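Single chain ahead, by itself, as structure tokens, in the form predicted on its own.
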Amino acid sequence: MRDPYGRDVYDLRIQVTGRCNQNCIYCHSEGYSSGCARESFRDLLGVGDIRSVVEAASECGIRRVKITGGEPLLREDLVDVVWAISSTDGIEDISMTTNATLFSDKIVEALHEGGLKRANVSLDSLREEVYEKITRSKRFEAAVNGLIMCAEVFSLVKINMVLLKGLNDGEIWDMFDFARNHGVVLQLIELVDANKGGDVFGEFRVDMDEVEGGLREKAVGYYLREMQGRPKYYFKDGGVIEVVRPMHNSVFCAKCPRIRLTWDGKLKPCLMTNDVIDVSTALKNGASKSELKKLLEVCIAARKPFFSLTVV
């Protein structure tokens, strides 16, 4: 399907839980206004609910699903969730964003067998003290070990490194060497202003123009991804750095193919808006696939470029 601005919509992010075992200073909690969502078992979408939404979404053109949280591994039935998604006709790719601190070899293998193909691992620093300051947790070693487990199993693994001025912005090339040595892609992510209070964005925002200028000086190749216009830089001795710049970026918005489903059954046309379409009530009332498709169509029709008035 296409939204009113002519953008193909083929990507669904599913927040399978609002809980997390870390409390990162930059967390946007999928747009919730006050920290990680306070999840109740009564409102949490079950495996059957997720399957129903994904089946309807696939008939609306969704081909890719990304599992997010909170921390997805806090769901004891996560493997069942992955199986439910992967067994849906039309879904071609399933990936997950995780802090990797709860991984074991057994869990990684089970997720891979269930159909999970790719993983994005949040690792913002290779210095333990900086990692602890950013995540407000003491799980550095577990995160590194979890990343290595993922790299050994999944076809593609990316390190998600949110750049923070004065904390980790001097570690880009150290992280690049680490990523290259483990056969994974480094993804540099611009800090998102989630309007959650405080001044995290103002205090820690990095000038991404300067960052990309430094990358261009050393890169031997450059490619602009169709998805959100993300640039990828290639380097002489191997290794790739991808840059994600969502803030005040009309190209990013113009090429965004994504809608979101929250842990409590709300469809969101964009991370940066609070406009939601309630799916949970429909599910509780036994909605048919055609009724769910109509709600998905409403969500897609509500999409608009957050950082531009027209799509270029």
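Quantities reported herein were computed from a predicted structural model and do not represent experimental measurements. Residue indices: 1-based, along the sequence shown.
The discussion below concerns the form predicted in complex with a small molecule, not included here.
Although the partner is absent here, M149 is not a contact residue: none of its heavy atoms lies within 4.5 angstroms of the small molecule in the predicted complex. Within this chain, Y26 lines the site of the small molecule in the predicted complex, having a heavy atom no more than 4.5 Å away.
When the small molecule is considered in the predicted complex, N168 lies well away from it, no heavy atom lying within 4.5 Å. Of the heavy atoms in N160, some are within 4.5 Å of the small molecule in the predicted complex. Contact with the small molecule in the predicted complex, judged by any heavy atom within 4.5 Å, is made by just one of E30, D264, D49, E55: E30. Think of it this way: in the predicted complex, the small molecule has a heavy atom of just one of L215, V144, V240, V192 within 4.5 Å, and the residue is V192. Partner proximity in the predicted complex, defined as non-hydrogen atoms within 4.5 angstroms of the small molecule, places exactly one of 80 to 88, 93 to 101, 107 to 115, 175 to 183 at the interface: 93 to 101.
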